[in-house]
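Coming up is one lone chain in structure tokens, specifically the form predicted on its own.
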Amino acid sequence: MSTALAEVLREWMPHQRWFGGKGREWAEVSEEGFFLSRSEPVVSVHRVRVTYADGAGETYLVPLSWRTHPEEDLSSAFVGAVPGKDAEGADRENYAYDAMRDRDATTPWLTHLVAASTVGPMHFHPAGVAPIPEGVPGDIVSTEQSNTSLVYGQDAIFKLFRRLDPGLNPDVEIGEALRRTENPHIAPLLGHVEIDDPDPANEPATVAMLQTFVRGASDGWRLATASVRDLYAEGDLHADEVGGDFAADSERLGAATASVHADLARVLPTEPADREWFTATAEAMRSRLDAALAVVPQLEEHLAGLRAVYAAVADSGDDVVRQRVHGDYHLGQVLRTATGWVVLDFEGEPARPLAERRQLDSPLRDVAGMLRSFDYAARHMLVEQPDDSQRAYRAQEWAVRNRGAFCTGYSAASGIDPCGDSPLLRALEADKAVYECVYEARNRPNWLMIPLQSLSRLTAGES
């Protein structure tokens, strides 16, 4: 069955949103699994090792639920049919489904977490700070990409990390650390799950985490883009005159960000940035730019300006204290509640190696990410009308207003102006925009204008 299942997974995995190897040629695939639950439906968990033609490899976690007959209601979750035997030893087909999309198969995760179980190589660790909703099925969050999340009732959200890397995931590590601070801008960690690595020399990998579900919250990106639409609809009003003005929310978001950064520095290691760090940071940016040029030839126009921006980092005398940061900060990672902003997803950029995501960095990395997100929110509708100069002017006005409000809030809460004349901040913004250029060229070519226009501003030294 194992070989047959591996071939079924070879066909199914490339079509899943969370699979990071799309477009790469597979050399081989292997899997090993164990049972999470033997009740109805049977649930198994599989580590799937994909080796690519270039010699690189990745390991993914795939939970499956098993049925003896096809389930029409689960057709969208169907993985494949695998030959097997019934209780009498006769041949039959076993039907495998994505267990994260099969509601009847989602209860064992929290049952084992409540019991602090060990199931095969998997270990469940409840945080012990709040009740875990046992016996409730989970509903999948359809917007997930690199991971898969389930919402259990109104109390908890479970995130399954699809790609496995040895070591503690930063989302769990930082969640545990911030829980001790009682920071109001995070969703408390309720527990996590680990799996032993086949190589005993490696640390266990983080499989999943459970957090408090933030009820009645609004997504930051949706709120911001709604504000932009309101501005576009009011042809004779400025950004501060429109009913949907977002600046007050942006200011509060800046203060919340500063609060999280301060607590991260209080409970996790910090280290002053030395000359070697500035030099290495600038060199990494130059390397990413060189690689991006092969994908986005339009970057050639900005090449001299970008190299000058990066060189300023290497020569910088900024007083920077490195610490743990969010690492992938943007408006889609924050929720607004009735009492303020909540920051989510501290795992960093999932495509980067785990060791890199756990390194100390400047808090300006997060500030730059959010400033880029404000630019995207302001300009995403320009894609539909790229030659509308009036709309472009209003987009710039919205972006400047909200970027400034965010920095004001951060400064008021921390006593540090993150958006002053900092060569590092400008370079981090530019580096992020170069990354965006590559992403847009590969996935949404008509959006490429957004980061390219931002690079014109950043290399010209404009705000």
Ligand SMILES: O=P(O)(O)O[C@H]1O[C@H](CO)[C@@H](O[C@H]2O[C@H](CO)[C@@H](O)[C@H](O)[C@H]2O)[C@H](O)[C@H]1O
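Heads up: residue numbers just count along the shown sequence, starting at 1. Rigid core: the largest C-alpha set superposing within 1.5 Å between the two forms. As the structure is a computational prediction, the values presented were derived from the model and not from experiment.
Below, we refer to the form predicted together with this ligand, which is not included among the displayed structures.
In terms of contact with this ligand in the predicted complex, the residue from S362, S227, T106, Q333 that brings a heavy atom within 4.5 Å is Q333. Residue-level contacts in the predicted complex: of Y232, F78, W277, W221, one residue has a heavy atom within 4.5 Å of this ligand, and it is W221. Residues with any non-hydrogen atom within 4.5 angstroms of this ligand in the predicted complex fall in just one of 268 to 276, 369 to 377, 176 to 184, 114 to 122: 369 to 377.
The three marked residues, E7, W12 and H15, fail to reach this ligand in the predicted complex, with no heavy atom of any inside 4.5 Å. This ligand in the predicted complex is not approached by F34, whose heavy atoms all lie more than 4.5 angstroms from it. Put simply, F19 is far from this ligand in the predicted complex: not one heavy atom of it is within 4.5 Å. Contact check for Q323: every heavy atom lies farther than 4.5 Å from this ligand in the predicted complex. In the predicted complex, this ligand lies within 4.5 Å of some heavy atom of D345. Core-superposed comparison between this form and the one not shown: the CA of R101 stays below a 2 Å shift. When the rigid core is held fixed, the Cα atom of R358 travels less than 2 angstroms between this form and the one not shown. In this overlay on the rigid core, H380 has a C-alpha that sits 2 Å or more away from its partner position between this form and the one not shown.
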